[in-house]
Each structure stands twice: as C-alpha cells, then as structure tokens.
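Encoded as structure tokens, the following chain is the form predicted alone, with no partner shown.
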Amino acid sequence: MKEIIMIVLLIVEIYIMIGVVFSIPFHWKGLAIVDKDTVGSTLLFKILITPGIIIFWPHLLYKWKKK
C-alpha cells in the first residue's frame, strides 16, 4: 500500500511541477491570448490566478493552442 501512495504522490508532484513551469510562459504571452480582458492587469491579479493556472494547465494549454 505504501508503494501505491508513493506513486500517486509522485504523479501529483510531476503534474504540479509541469503546471509551475507552464505558468511562466502563460503569464508572459498566453494569458493575453486566451483572455483579452487581462491585458494590462496588475501583478496582484496575476499572483492571485497563478494557483488556478497551475491546477488547470492542461485546459489552458488547449485553449492557448486552439487560438
């Protein structure tokens, strides 16, 4: 049972790390492409949405590449 838990935690860690890496270029270029209303948004706004970007990175990547 311990091995299964370790594997699940490793998968979650990898998923979150990919989200963290994805959030950097997404903040830089993708955010304005996916949502035009975010152009000129403040740093505080970007900090607040970062956890959501990390969690929902597959969906946001899909939307970014779709446009």
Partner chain sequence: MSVNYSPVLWNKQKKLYDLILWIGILFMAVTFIIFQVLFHKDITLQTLIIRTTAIIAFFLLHIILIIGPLCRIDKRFLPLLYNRRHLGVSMFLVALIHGGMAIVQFHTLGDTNPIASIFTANSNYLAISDFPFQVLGFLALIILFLMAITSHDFWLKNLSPAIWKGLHMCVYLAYTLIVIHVATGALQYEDNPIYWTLLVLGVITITGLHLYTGIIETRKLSLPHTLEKEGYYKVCSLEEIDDQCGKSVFINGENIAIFKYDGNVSAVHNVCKHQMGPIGEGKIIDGCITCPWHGYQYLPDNGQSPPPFNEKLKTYRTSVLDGSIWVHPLPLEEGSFIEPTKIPQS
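As the structure is a prediction and not an experimental result, all values here were calculated from the model. Positions refer to the first chain, counted from 1.
Omitted from view is the form predicted together with the partner chain, to which the following refers.
Although the partner is absent here, Leu48 sits close enough that one of its heavy atoms falls within 4.5 Å of the partner chain in the predicted bound form. Residue contact check for Gly52: one or more of its heavy atoms lie within 4.5 Å of the partner chain in the predicted bound form. The closest heavy atom approach of Leu44 to the partner chain in the predicted bound form falls within 4.5 Å. Put simply, Val20 is far from the partner chain in the predicted bound form: not one heavy atom of it is within 4.5 Å.
In the predicted bound form, Lys2, Ile5, Met6, Leu9 are the residues of 2 to 22 with at least one heavy atom within 4.5 Å of the partner chain, listed from first to last.
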